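A single chain comes next, written as structure tokens; it is the form predicted alone.
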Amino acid sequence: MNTWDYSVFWDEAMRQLSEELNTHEFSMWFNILYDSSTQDSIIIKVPSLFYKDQLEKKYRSLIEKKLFELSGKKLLVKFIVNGNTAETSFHKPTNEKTMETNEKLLQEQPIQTPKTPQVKKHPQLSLNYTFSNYVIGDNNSFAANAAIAIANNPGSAYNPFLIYGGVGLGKTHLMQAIGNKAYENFPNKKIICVTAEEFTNEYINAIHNKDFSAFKNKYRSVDMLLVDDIHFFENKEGFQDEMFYTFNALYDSGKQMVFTCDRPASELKNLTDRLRSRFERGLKVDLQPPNYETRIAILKTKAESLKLNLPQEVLDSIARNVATNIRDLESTLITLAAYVEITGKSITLDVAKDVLKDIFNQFRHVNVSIDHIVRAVSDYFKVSTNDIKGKKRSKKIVFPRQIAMYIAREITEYSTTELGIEFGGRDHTTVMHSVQKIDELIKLDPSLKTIIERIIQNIKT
């Protein structure tokens, strides 16, 4: 197996370019196939010398720039002529319909494993977390493809692998799916899956029992280490040191590591610099809240697993009202399943709306954009939306800007880094300072809380 496999980055680069270039241009010039990789290059098949010349002149720098953005590594693109263009490719759209079909195929590619894989269960992994029941959408297709590549060839190209995002977006599912698939592929490999808290507790027990060598041997001799919720390590310097030494031992041995976190590692300010730099060293993927189409697919999959028969209009209603995360979508189905079990009645749209009305009201306020928030704040304080997102630093502008950032942090799933970008390209520390400032002002002046609640109510309606 080729050690240097950059096909995941290539697939994602082509998907993004298909959206950024016009349909005619993309279908005309990107009739090309990924062939292979070396340590610092990607080999691409093209149908003719004419194609090769045109791609080198017009598009090679664009493709290489896109690959660098995705991988963080300067990869050269080399074209070889291959007259046979009949083989199937995700990068050969001839019209818009074909492009949509091929993108759908790419998104579904990782879940071609059997629905009920007959594999021995790993003691620390749940068979509920597999690629076969991991629903793929625009928010996670790149992450899922990378995860499949890691499970099939651990310790090669994408190491370490950091999955980050908000609550309930499938980080743990994806991490354990890697473990389950790797365990199926390589049953003799030693795989450990723990939470950061479990790792910390084992470390404490090892010191207490004076059996620290056994702890080190356990974690530094694995073939794959999966650690959930590394943000738990913040403010725990002793444990951070042990994680640092464990990381180095595994990395130097070419062993695969996968971590999950609720935010980018750069935002873990209470980690030592050396450990933070380790977490940031490899491939990092950001799981975003699922879009409408993905939410529908998730609901169908979860309803099937619950043996819950729901009309399409009910699924549509849930998907439009709950746009936060997978966990919240699942909670609506569990509520409906409980209703069916208790009453024996079937679910209609009116029944679903009545049973779920409190849940819908709870999540309605988070289904808003930053522009909605900025507009509501600008209307209340009589300033322009451009000023709130702009560079002016007068008190008249700064205070509403801080209020807008505070509200956005309260009622959306955006990270502070993402909010900084939304508010005029500011650093995430500016957002954190604004949130802390408004928190302090609320303690001094409770009436400010009333103002903020009024603005949030306006956003909801």
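The model shown is predicted, which means the values in this text are computed figures rather than measured ones. The numbering used is simple: start at 1 and walk along the sequence shown.
Beyond the structure shown, there is the form predicted in complex with ligand ADP, which is absent from this document and is the topic of what follows.
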{"property": "In the predicted complex, segment of 271 to 279, 182 to 190, 322 to 330, 308 to 316 with a heavy atom within 4.5 Å of ligand ADP", "result": "322 to 330"}
{"property": "Residue (of A206, V135, L125, I296) lying close to ligand ADP in the predicted complex, criterion heavy atoms within 4.5 Å", "result": "V135"}
{"property": "Partner-contacting position among Q240, T200, T172, N145 - heavy atom within 4.5 Å of ligand ADP in the predicted complex", "result": "T172"}
{"property": "4.5 angstroms heavy atom contact with ligand ADP in the predicted complex for V167", "result": "yes"}
{"property": "Distance check, K302 to ligand ADP in the predicted complex, heavy atom within 4.5 Å", "result": "yes"}
{"property": "Interface membership of N140, ligand ADP in the predicted complex, 4.5 Å heavy atom rule", "result": "yes"}
{"property": "Contact of Y129 with ligand ADP in the predicted complex (heavy atom, 4.5 Å)", "result": "yes"}
